[in-house]
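Taking the form predicted on its own, here's one chain by itself in structure tokens.
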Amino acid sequence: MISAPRPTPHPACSIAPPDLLSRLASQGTAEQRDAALSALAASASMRTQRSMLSQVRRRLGNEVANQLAGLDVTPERRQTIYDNQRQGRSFLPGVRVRGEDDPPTADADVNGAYDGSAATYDFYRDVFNRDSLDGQGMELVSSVHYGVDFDNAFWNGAQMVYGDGSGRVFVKGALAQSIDVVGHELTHGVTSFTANLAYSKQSGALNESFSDVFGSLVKQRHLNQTADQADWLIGAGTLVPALGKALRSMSAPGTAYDGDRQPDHMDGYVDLPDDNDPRNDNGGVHINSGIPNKAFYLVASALGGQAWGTAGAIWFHTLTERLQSKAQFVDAAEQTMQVAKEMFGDTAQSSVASAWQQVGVIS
């Protein structure tokens, strides 16, 4: 196991690639520029809150963090959906509209967020015997209709937040109703309670990749798909068609949308600074995640069957038991190979090694 200190707090983890929003803010149509600038500004305003809540939650527990976040939640409920009523950060979480075992409402976003949270909770419980994000039954809180036409969805350290989309970047209503987007964002919570991968450069790209992996697996299990039946797209249909088909492609990184910069091999690794410029994406965390994403896709395809059963188990055990906060791609490769051998034997280890070789992380 690698030794590394716990990271300093990091920015909010959002589904929209910041470099995409930045490109639209500078090069898009007038309507796209306005929508992208609004999304970038609103996302940036959540960073301080998420940084504080993540640290408080790890050190003092969920109850204190929920109090600081203004969440009035009942521990026996598995999940609760709130309506932010387009009022923004100061109104989070909003008005309670659906709780555990409540019937569906007339609001498709409420029902989508509820069903996606339930599918994610059930996935971690049934597949990996993990009781919610923290392993101790943490309440899953979600707010829909955040802000006005907000083009993003994010985990803020205490809860999920979904914008409606402007219809200029994201399709209206698509984010809360995309099960892999929900699974992706909630997995950031799992990561924060386990490896706590620092949100910068390669460790941050691993953070994003693990969320893509398990977001995709939540969708695949919900649809009862095998690895060869899955589309391996993240957020398919959430972007307006003029921009692209999805936010990321795990099977073919760099092909999801117009201007997608994701590489699928270390030869194309994008070495960016981790500064406050959204174009640089915290050192390329959404960009370079294409490399470990492709590695997982190759492993799942080689092993076949339902990807969460073997490949997913290897990745889950690696995330929750083996990696430390400053882990690099080579650390993930070494640990997944070791876990594969321990859990499933030499054939699985060989498949994992081959995948990391194919994307250039190891030779």
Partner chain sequence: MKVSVVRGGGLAGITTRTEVSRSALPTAAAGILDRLVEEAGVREPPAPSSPSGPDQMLYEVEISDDDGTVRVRFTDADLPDGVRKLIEWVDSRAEKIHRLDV
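Numbering follows the first chain given and starts at 1. Everything numeric here is computed off the predicted structure, so don't read it as measured data.
We do not show the form predicted together with its partner chain, though everything after this point is about it.
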Residue contact check: residue 225 to its partner chain in the model of the complex, 4.5 Å heavy atom: no
is_contact(residue 231, its partner chain) in the model of the complex, heavy atom dist at most 4.5 Å: no
Proximity of residue 94 to its partner chain in the model of the complex, heavy atoms at 4.5 Å: no
4.5 Å heavy atom contact, residue 98 and its partner chain in the model of the complex: no
Its partner chain: the contacting residue among 216, 293, 143, 156 in the model of the complex [heavy atom, 4.5 Å]: 156
In the model of the complex, the residue from 239, 110, 138, 179 that sits within 4.5 Å of its partner chain by heavy atoms: 239
Its partner chain in the model of the complex: contacting segment from 119 to 127, 217 to 225, 147 to 155, 102 to 110, heavy atom within 4.5 Å: 147 to 155
Candidate site 247, 277 and 281: all three near its partner chain in the model of the complex by heavy atom within 4.5 Å: yes
Those residues of 193 to 216 which, in the model of the complex, come within 4.5 Å of its partner chain by heavy atom: 199, 208
